[in-house]
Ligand SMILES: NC(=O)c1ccc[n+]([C@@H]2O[C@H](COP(=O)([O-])OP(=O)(O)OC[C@H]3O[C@@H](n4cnc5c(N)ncnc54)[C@H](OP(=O)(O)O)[C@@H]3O)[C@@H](O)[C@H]2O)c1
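Before any questions on how it binds or moves, here is one chain, the form predicted alone, in structure tokens.
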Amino acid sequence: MSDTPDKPTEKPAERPYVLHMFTASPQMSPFDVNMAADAGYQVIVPYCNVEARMVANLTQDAIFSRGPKGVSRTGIFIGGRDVMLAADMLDAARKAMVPPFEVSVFADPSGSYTTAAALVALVERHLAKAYGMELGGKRVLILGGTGAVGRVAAAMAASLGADVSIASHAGHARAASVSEEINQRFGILTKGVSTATQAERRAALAETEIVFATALAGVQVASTEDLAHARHLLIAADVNAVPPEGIAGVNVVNDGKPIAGHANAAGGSGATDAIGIGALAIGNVKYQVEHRLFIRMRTGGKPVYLGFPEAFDEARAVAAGLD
């Protein structure tokens, strides 16, 4: 009989949480990498210049290599800059799954899904809080609306029944092309308008009740003089955090504060100040939405597929908790 004591049985090491990040662009966003790490992913691997046709093979490489236990600790994130391509890649990843080898997938190209969700959810919240109104039926103008955030915000607002105009400083043809593309893709109704000239911009603002500014950072799309023509304006919301303000008078920290010097006709018997929602208020909700969706991927217990509808549902929940 041996005098050597039995060695304790070693527990198998827990499998790490692995996130595979696909992007069609040359690099993955450092913002999204940080967000994934803060949500508990331990191994984060970016794949750059990924084409849609490559997604099925990459997905199946990810799901078949870890076994049923490992696959529950595996996720896929889809970034990039093209909101339509990201939606296609999300769909391709979903179709490539072979249950029970199935993982969660989250798409948020250029942060557009979560940013647009935060933007629209906060506008909804302040519209109800300040005016007792809903977004449905409201005239919404999206300045810089042909970019990623503008397209997604247009789809969200139109799906709620808003009368959405997508504006482009490049002219009507560009705006109309983007409007037609998202109308066909998402089964909604928007229209394109030109804001290439000062007269066109002011004419569009004159009919507007809600303005979203989703142009490039550091670009002002509506001046104080422009806003003077927006006599029906209720809310102006700006995602630009880089000076100058995208909409004059809408400071980055504004979260429902009146826009100084801007009166509208919404009060009926008397004019009232339109209110502003700034980039930091929107960014706070966007951050929480992205974090929650990463956590849901990792801890939900079953595979989920997260695109902009899910981001919007989460943004509404975050916004409701701000009251």
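These numbers come from a predicted model, not from an experiment. Numbers follow the displayed sequence, beginning with 1.
The form predicted together with the ligand is left out here; the points below concern that form.
A.B. asks: Residues in which of 156 to 164, 229 to 237, 67 to 75, 108 to 116 have heavy atoms within 4.5 Å of the ligand in the predicted bound form?
C.D. replies: Of the options, only 108 to 116 has residues within 4.5 Å of the partner.
A.B. asks: Does the ligand come within 4.5 Å of any heavy atom of residue 249 in the predicted bound form?
C.D. replies: Residue 249 lies outside the contact set for the ligand.
A.B. asks: With heavy atoms only and a cut-off of 4.5 Å, decide whether residue 192 touches the ligand in the predicted bound form.
C.D. replies: No, residue 192 is distant from the partner.
A.B. asks: Is residue 148 a contact residue for the ligand in the predicted bound form, using a 4.5 Å heavy atom cut-off?
C.D. replies: Although the ligand is absent here, residue 148 would touch it in the predicted bound form, with heavy atoms inside 4.5 Å.
A.B. asks: Does the ligand come within 4.5 Å of any heavy atom of residue 139 in the predicted bound form?
C.D. replies: Output for residue 139 is no: heavy atoms all beyond 4.5 Å of the ligand.
A.B. asks: Exactly one of 81, 129, 185, 172 has a non-hydrogen atom within 4.5 Å of the ligand in the predicted bound form; which residue is it?
C.D. replies: The option sitting close enough to the partner is 81.
A.B. asks: Going by heavy atom distances of 4.5 angstroms or less, which of 55, 293, 275, 279 would be at the interface with the ligand in the predicted bound form?
C.D. replies: None of the others qualify; the residue that does is 279.
A.B. asks: Where, within 210 to 224, is there a heavy atom within 4.5 Å of the ligand in the predicted bound form? Residue list please.
C.D. replies: 214, 215, 216, 217, 219, 221, in sequence order.
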